[in-house]
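One chain comes next, on its own, written as structure tokens: the form predicted on its own.
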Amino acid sequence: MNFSVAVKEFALALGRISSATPQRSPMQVLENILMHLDGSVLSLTATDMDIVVTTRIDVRGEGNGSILVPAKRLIDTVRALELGDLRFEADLGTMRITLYTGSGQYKLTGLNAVEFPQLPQFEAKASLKLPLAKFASMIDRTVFACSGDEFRPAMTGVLFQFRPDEIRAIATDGFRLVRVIDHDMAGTGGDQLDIIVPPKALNLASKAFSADEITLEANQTHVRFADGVTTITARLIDENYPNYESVIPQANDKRMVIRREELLNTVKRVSLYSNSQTRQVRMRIASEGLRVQAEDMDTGGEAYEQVPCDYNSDELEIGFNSQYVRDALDRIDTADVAFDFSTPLRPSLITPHGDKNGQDVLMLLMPIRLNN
């Protein structure tokens, strides 16, 4: 089993699957990449048993075959090589592998391909095409808000709700919630489909593809993303997602409209003086503007800034985790944002103000109780 390939192209292909290979695993075979050569097409497969990633690359091949190659050593070696061509030679009898470059050679030992675990059989129950850029935007705007609490497994993933006329993506960790509704991407064209996708699979899907459009297929247990070159198959989170609609307030009657970037930069600066544990910033909203303040009683540090805003309601003082505010503002792409408040102890809503680019974005933040 021999082939030649450009180092740059080989490195790109390995990069598309590298995140699916565990650094350490009780099953050492998973620390290897399955390489299969068929004519001039080389397939690379990696898995951690929850996610399987396969990609293809065109090579100059001689002799078909399959072998398992130690992932970390191969990836690190190829990344470190000078640009040019690489020749890969594998003796399938001894499992010895040699990499030849213009200036040297590297030897390593592989494993028999039969030791690689059987990959899950996949029969799609629903299939649709998605523009990669818009789907990646939905992922970026939601995956950061997933919970890390293993005792609430449903909330550790992103809920996708596919409907004939829209696609929804929802994530929450109990302190914040994000809901993105896209009206332009095609739905399933028939039955409704709700799936909870692990963040790792979504992060891979947003980075591993290069085509303008991807295919999403799903059944009761797995989801598959593909662009014709790379395929990602992931096990779904088999749980019931909480009723997120019930926690979104409908009667927040106090609205503040403010420049997004100006508020984001203000919160970044002022929060440097917040308590390292609570990260609390205090917002006092009045008709004359917004005052953002932070104080750390442990160190004696404090700071505040005044920011102009549009607000015509009763004065309100409310506290937030500054990192949560920054995360929300970082993922809104309009010049202005709107904050809808009710009381200092009720959830507040952050939404884009202006052109929404086909996506309705809503971010809910739970406030922090202020100590007066």
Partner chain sequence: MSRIHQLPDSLANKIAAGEVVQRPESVVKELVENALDAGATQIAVVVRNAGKSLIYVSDNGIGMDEDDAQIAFQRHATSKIATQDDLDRIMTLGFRGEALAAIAAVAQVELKTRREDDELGTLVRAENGAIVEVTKTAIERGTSIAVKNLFFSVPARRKFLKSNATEFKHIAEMMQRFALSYPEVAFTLSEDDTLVMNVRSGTLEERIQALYNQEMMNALLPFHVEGEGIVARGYVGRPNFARKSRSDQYMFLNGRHIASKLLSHAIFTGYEHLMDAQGYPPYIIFLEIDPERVDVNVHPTKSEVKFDDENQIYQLLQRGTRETLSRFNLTPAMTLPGGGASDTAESVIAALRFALPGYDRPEAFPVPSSGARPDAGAGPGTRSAESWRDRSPAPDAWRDRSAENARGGMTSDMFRQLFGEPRSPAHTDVQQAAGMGGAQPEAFPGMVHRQEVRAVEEGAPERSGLWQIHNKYILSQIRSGIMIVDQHVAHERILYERALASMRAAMPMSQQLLFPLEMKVAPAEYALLRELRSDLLSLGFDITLEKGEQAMIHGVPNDVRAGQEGAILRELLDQYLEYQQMGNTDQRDLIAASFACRASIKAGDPLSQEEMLNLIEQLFSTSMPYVCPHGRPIVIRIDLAELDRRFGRTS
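Residue numbers count along the first chain shown, from 1. Because the structure is predicted, anything quoted here is derived from the model rather than measured.
If you look for the form predicted together with the partner chain, you will not find it shown, but the lines that follow are about it.
Engineer: Select, from the options 72-80, 100-108, 146-154, 132-140, the stretch whose residues sit within 4.5 angstroms of the partner chain in the model of the complex by heavy atom distance.
Structural biologist: Heavy-atom contact with the partner occurs in 146-154.
Engineer: Heavy atom to heavy atom, is residue 278 within 4.5 Å of the partner chain in the model of the complex?
Structural biologist: Residue 278 belongs to the contact set for the partner chain.
Engineer: Give a yes or no for residue 247: in the model of the complex, does one of its heavy atoms lie within 4.5 Å of a heavy atom belonging to the partner chain?
Structural biologist: Residue-level check for residue 247: yes, a contact with the partner chain.
Engineer: Give a yes/no on whether residue 282 approaches the partner chain to within 4.5 Å in the model of the complex, heavy atoms considered.
Structural biologist: It does: once the partner chain is placed as it appears in the model of the complex, residue 282 has a heavy atom within 4.5 Å of it.
Engineer: Taking heavy atoms and a 4.5 Å cut-off, does residue 177 contact the partner chain in the model of the complex?
Structural biologist: So residue 177 counts as contacting the partner chain.
Engineer: Please tell me which of 27, 335, 41, 345 lies within 4.5 Å of the partner chain in the model of the complex, judged by heavy atoms.
Structural biologist: For this set of options, the contacting one is 345.
Engineer: Of 298, 288, 238, 194, which one comes within 4.5 Å of the partner chain in the model of the complex, counting heavy atoms only?
Structural biologist: The residue from 298, 288, 238, 194 that makes the contact is 298.
Engineer: Looking at the partner chain in the model of the complex, is some heavy atom of each of 15, 45 and 209 within 4.5 Å of it?
Structural biologist: Negative, none of the three is within 4.5 Å.
Engineer: What are the residues of 308-341, in order along the chain, with a heavy atom within 4.5 Å of the partner chain in the model of the complex?
Structural biologist: Residues within 4.5 Å: 321, 324.
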